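One chain follows as structure tokens, the form predicted on its own.
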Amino acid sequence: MSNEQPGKTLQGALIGCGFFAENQMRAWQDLAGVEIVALCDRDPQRLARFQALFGIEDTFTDAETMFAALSGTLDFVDIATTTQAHATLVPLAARHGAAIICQKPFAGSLETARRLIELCADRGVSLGIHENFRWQRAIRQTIEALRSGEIGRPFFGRISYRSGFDVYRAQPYLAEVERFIIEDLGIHVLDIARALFGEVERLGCETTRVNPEINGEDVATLMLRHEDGVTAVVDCSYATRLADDPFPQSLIEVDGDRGSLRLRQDFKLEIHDAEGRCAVRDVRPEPPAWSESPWFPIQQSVLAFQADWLEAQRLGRSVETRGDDNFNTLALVDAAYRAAATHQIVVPERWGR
């Protein structure tokens, strides 16, 4: 955990200069009290593009070389690489005492996840996972309305992410992976389910591949039974054709014993009470100046997550999506693939048991 002085500007490095990392870099430049002083990427062309775009002088194609050159000066690293690199980069950063933010999924297996979490704990280094969906303003307002008890005790929920948006154009590797929608997108939606309803006792899952030109599944439907008695449906699709595509929004329904919540596509949160009345709240995000349609809900959430991470470092508290918490989201992904393969109900692993 960080013990930084309140007035100190935290110095960090961004490792990975790919498609999504541009959002992270722009968000860092919007925040006070933090500065990205170095960039690292194995691809010289990507590195040169980010250097020109963001005006960062120190660039490296090797992370070990970067840490050696900047020894003792980096307060944190933001690891925005693909999952395979995390098993090397997280221990490297931990050895150098840098606080860590790691892109999701932060490990390729639960065994690796446990090892990375324990290593960071042994080194006294904070490990935060860049899980931004729960920081979208509309979703955050829905979570807070539920937690405040406005509809009483929830018993049913549905989180739906259905779109036909061409995600492969900007991220062509997504068409090649064997595990696609659950691991890339469903992990976010499952984390929303945990934020809303708590831990999951058991789950079932069915998957489909509609697009014949990809390797992995592009449709997944899960049913979750949460510890507190909520039954939730999580459904994800990149094969849904709609005239008014909601990308990249997650739509939410929650039924409670004293009312219901509905997060609609128009960024309206409906609060239905037991007397049949409906209060409507505008939960539209306030996008940063650099955001662009249709990405602005995601880009706003990147800024919100990084602002909270920065505050956590200042105050010496844990970030919400720390490694040991996010382990339980990663475990739901693992359980979903096992359930889909066996067509059986699966009990997910859980941190600490």
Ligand code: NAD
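Residue numbers run from 1 along the displayed sequence. Since we're looking at a predicted model, the values are computed, not measured.
The next section is about a form of this same protein that is not shown, the form predicted in complex with ligand NAD.
Partner contacts here mean any heavy atom within 4.5 Å of ligand NAD in the predicted complex, and among 165-173, 143-151, 70-78, 116-124 they occur only in 165-173. Listed residues 216, 246, 157, 105 were compared with ligand NAD in the predicted complex; 105 is the one with a heavy atom within 4.5 Å. For the residues 43, 30, 320, 58, the 4.5 Å heavy atom test against ligand NAD in the predicted complex is passed only by 43.
The putative spot formed by 83, 184 and 298 is fully lined by ligand NAD in the predicted complex; each residue has a non-hydrogen atom within 4.5 angstroms of it. Contact check for residue 25: every heavy atom lies farther than 4.5 Å from ligand NAD in the predicted complex. Put simply, residue 17 is close to ligand NAD in the predicted complex: some heavy atom of it is within 4.5 Å.
In the predicted complex, residue 133 approaches ligand NAD with a heavy atom inside 4.5 Å. Within this chain, residue 188 lines the site of ligand NAD in the predicted complex, having a heavy atom no more than 4.5 Å away.
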